[in-house]
Structure formats: structure tokens, C-alpha cells
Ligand code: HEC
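The chain that follows stands alone, in the form predicted alone, written as C-alpha cells.
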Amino acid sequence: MKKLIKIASVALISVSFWASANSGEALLPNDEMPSYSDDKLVESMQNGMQIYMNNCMGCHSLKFQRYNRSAKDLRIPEDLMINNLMFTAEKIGDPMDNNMPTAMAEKWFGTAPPDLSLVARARGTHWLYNYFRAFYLDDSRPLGVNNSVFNNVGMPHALTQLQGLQDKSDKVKGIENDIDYAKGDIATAREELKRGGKGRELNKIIDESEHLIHEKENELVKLSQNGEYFTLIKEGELSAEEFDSAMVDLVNFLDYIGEPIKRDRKSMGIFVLLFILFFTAVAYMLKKEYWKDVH
């Protein structure tokens, strides 16, 4: 019975992943973000704040956080914060807001750039890490770029100066064309079915096209895993490895902003669990003492 439950669970997970990939929810690229701790994490967040203030703060505020709280938590001297990282505030205790007028922002971008105080909690660090690295050239978009993680995103590539400009590789474009043709065959076959066409032949076309799409999407995943999803067409200030490292720092900073107390909460949680274990042992011994005469 346990074996059957295990097999059913694995099958359900596989079907869920396949459905996610076919609904466009699979991330491409889908790389794991390196994990830091202790002093290396603090250093990463410091660099991430510098990247954010220089490249993102002009459009995206962090109004649920204050400069002095960030300075304290990230071990940044207040004079250094004031002189180098505060561009939109007068006092160290002010919220990390910007001066972009909402009405003008809507006119320029179609919608006002959102505050990113909680974006790491809403999207997750894995999604953000791949999103920042997934902008590519797309002349069909109003701003000339698109994003393979967030398709048709209405945002310019603010980090072009650092990353440069990339495009999807020829292999990826070829596979995507095959997928589009297969989707077209499915749509045509379904229209013919509605008109009373030969069901057996049309259903066969649909099944074969869906199978082809699934195979091609797996090929895209493999290209992403092998680092062959994008090709660089214009170099930036950083190499590919340096840019990826910078995006780790940026995501770590946003993760901190989303929950500044997270590190303290995790360290405190260890002591709470140890106290619960100790209290459980004491309570058990007390229970035995109370009930020994009853038994």
C-alpha cells in the first residue's frame, strides 16, 4: 500500500511539472542561486544595496524600509550611507522612497513602477535571480527588450550597462518556431473538429503536436541548463560570471528588505526549539512523578 502511494505521489508531481511547463510557468533560465551566510551574506547584501541604489531606486522605491535600519542591519556606517547611498532623502531616518511622480510614470511606462519592498516575499529569490538575468533583445516590444521569465514585461532592461545585451540563441529560436508551428496545427485541427471534420485523423494530429511541444520544451530546458539559452551580442561592464554574482547580491538585498528580521528570527528559532525540547523532557518527567502512585 505504501509503495502504491509513493508511486502515485511521484506520478502526480511529474504531471504537475509537465502541466506547469506547458502553461508557460516553467522558468527559463532556471538556475539555482548560490547561498551565502554570515559575513559573506552581509557583504553580498551591502553590494546588492549599492547596485539597487545606482540602478533601480530611480523608478522602484522601498518605502517600507528606512535608511537607518538598513545601515544598522547591513553594518554600513551612517556617514557612508548618507554620502554615497542616499539620493532621495534628507534624513537618515527617512523611508527609502523616490521622487518619481506617479502620473508621469504611468505616461512613460504605461503603469507606475511598483514599490519593491516585498517583491522577494511575493516572487521568491529563485524567481528574481532568473528574472534579472533573462532580459533579451526583442524589437517587437515597445522598449526593445523582453524577458523569458516574465513574458512581455513592461519594463526596460535597467541593468544593460552592467550585463550588456543578449538575445536568444539560434537553437532556441529554431525550437520556439517548431513549437509555434505545432500550436498552430493544434488550433487548426480543433477548428476542423468543431466543423465536423474527421475526428480520428484530427485527434491524431493534436496528439502528435502536443507530444512534439513537450519534447521541444524539454530541449529548451536542457539548453538553459547548459548555458546555451542566450547569446551575448553587446558586452557590458561585467563578464557573465560577474553579472550573475552581482544579481545574487541584488536578490540577497531584496530578500533582506522583504523581511529585515529574518536572520534574527532564524537564529532565535534554534533556541526556541531547544527550549521546547528541554521543556518537553521536564514535562514528561513531571508527568511520571505525578502518575507513579496511580499506576
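Counting begins at 1, following the sequence as shown. Note that this is a predicted model, so its numbers are computed, not measured.
What comes next is about the form predicted together with this ligand, which is not displayed.
Considering non-hydrogen atoms and a 4.5 Å limit, which listed residue (I82, L165, L212, A158) is close to this ligand in the predicted complex?
So the residue touching this ligand in the predicted complex, by this definition, is A158.
Looking at M33, C59, L27, L238, which has any heavy atom no more than 4.5 Å from this ligand in the predicted complex?
It is C59.
Tell me, please, which stretch of 189 to 197, 110 to 118, 68 to 76, 86 to 94 lies within 4.5 angstroms of this ligand in the predicted complex when heavy atoms are compared?
In short, 110 to 118.
Taking this ligand as it sits in the predicted complex, is N55 near enough to touch it, meaning that at least one heavy atom pair lies within 4.5 angstroms?
Contact check for N55: yes, within 4.5 Å of this ligand in the predicted complex.
Flag V248 as yes or no: does it have a non-hydrogen atom within 4.5 angstroms of any non-hydrogen atom of this ligand in the predicted complex?
The answer is no: V248 has no heavy atom within 4.5 Å of this ligand.
Going by a heavy atom distance of 4.5 Å, is K216 a contact of this ligand in the predicted complex?
Output for K216 is no: heavy atoms all beyond 4.5 Å of this ligand.
In the predicted complex, does G154 come within 4.5 Å of this ligand, counting heavy atoms only?
Within the cut-off, so yes.
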